[in-house]
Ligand code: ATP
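Heads up, the chain below is alone and in the form predicted on its own; it's given as structure tokens.
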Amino acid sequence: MWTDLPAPVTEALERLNAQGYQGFLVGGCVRDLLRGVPPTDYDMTTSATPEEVKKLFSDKNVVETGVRHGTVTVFSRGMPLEITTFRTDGSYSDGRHPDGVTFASTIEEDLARRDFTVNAMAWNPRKGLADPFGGREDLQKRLIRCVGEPSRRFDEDALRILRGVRFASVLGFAIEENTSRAIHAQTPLLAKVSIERISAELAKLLCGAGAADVLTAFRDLVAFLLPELPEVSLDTRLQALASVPREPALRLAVLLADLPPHEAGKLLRRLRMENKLSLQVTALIREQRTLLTCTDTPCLLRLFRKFPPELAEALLTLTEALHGTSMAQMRGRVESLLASSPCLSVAQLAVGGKELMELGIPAGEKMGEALQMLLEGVTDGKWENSREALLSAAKSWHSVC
């Protein structure tokens, strides 16, 4: 696994070590490599100071992304490599960020400040794996465990509470007993964390393979983050997460399904979720109730006239997950209907504004009313979506309006 590293990574490590510095891969990329998973990025730590790193890589584009905390980013062949000097952290007055850092002389000192053992490993091409806290063993045991005393780690940075649960969800790991107790006890510390950071972690957590089990085990954390959720049905909704694909809109819709759509939208705005995602979630919650009552084709057409057809599969999946109803027959009807290319928007009508203007219908609000009337008539089966039928309907409508 260490022989298949990208060339910019290998070259950067070699340059550091060849000049008498210690250079290590560190953190998540080491964890992923040991798991046999290709890393999404590569972070490094070194005995070199930021100034020494900048000098050593003077032929590259070097950006001072966090020089106050010892970090610079080197761009090699277009690949960003974040390189941080060995350091120890000072006190955390705000419960989120160190007040200051002190450069350290050994990799062990640097690893001691990190959150979880599986993230506290480093690898050097000459020295091999540095693992002073048993991270590799915890990987094999599929265990999330804090480095050192859990309560201290969470007091330093409250976001670690949510990160630990997110790692357990995404990796499918268990949380070590002492770490678990500290999470339960210190969940209120999350009040110190910005809503944007909470939302980012929550979205990743919900889409983890182990989300249902992990969140059920930490039900108190869910209640703290999302107090709007009805307590009586929370366990049921958490378990239902496992029955839907790991997609943000679906997972959020399952979790928030017992809220009225406008209340779900309000909660998502509080979390500052992306607007497009919020609209998808609220539409899924609202229309799964409509889908249950649809008994004929016009009803389905009216539903998908206002609901994006590309979310039809998500709507079917959500309805089945929430109501435990076999949706085989409904699924077949919906798929057959959408495959027939039905008219679901004004743009799909066989006539447009030009033809209607020739009938004397003026552009503007009146034209919009006419086109909407034709679409509704086609949807309800009053007339075919043909030029002749629509012009006849428009003419009759215009004569009485």
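No experiment lies behind these values; they were computed from the predicted model shown. Residue numbers run from 1 along the displayed sequence.
One more form of this protein exists, namely the form predicted in complex with this ligand; it is left out here, but the text below deals with it.
Stretch in contact in the model of the complex with this ligand, which is absent here, among 106-114, 136-144, 254-262, 231-239 (heavy atoms within 4.5 Å): Every other range fails; the passing one is 106-114.
Contact label in the model of the complex: residue 355 to this ligand, heavy atom within 4.5 Å: No, residue 355 stays farther than 4.5 Å from this ligand in the model of the complex.
4.5 angstroms heavy atom contact with this ligand in the model of the complex for residue 342: No, residue 342 stays farther than 4.5 Å from this ligand in the model of the complex.
In the model of the complex, residue 167 touching this ligand (heavy atom, 4.5 Å): So residue 167 counts as contacting this ligand.
Contact of residue 27 with this ligand in the model of the complex (heavy atom, 4.5 Å): Yes.
Listed residue (290, 243, 216, 119) with a non-hydrogen atom within 4.5 angstroms of this ligand in the model of the complex: Of the candidates 290, 243, 216, 119, 119 is the one lying within 4.5 Å of this ligand in the model of the complex.
This ligand: the contacting residue among 176, 157, 320, 131 in the model of the complex [heavy atom, 4.5 Å]: The option sitting close enough to the partner is 157.
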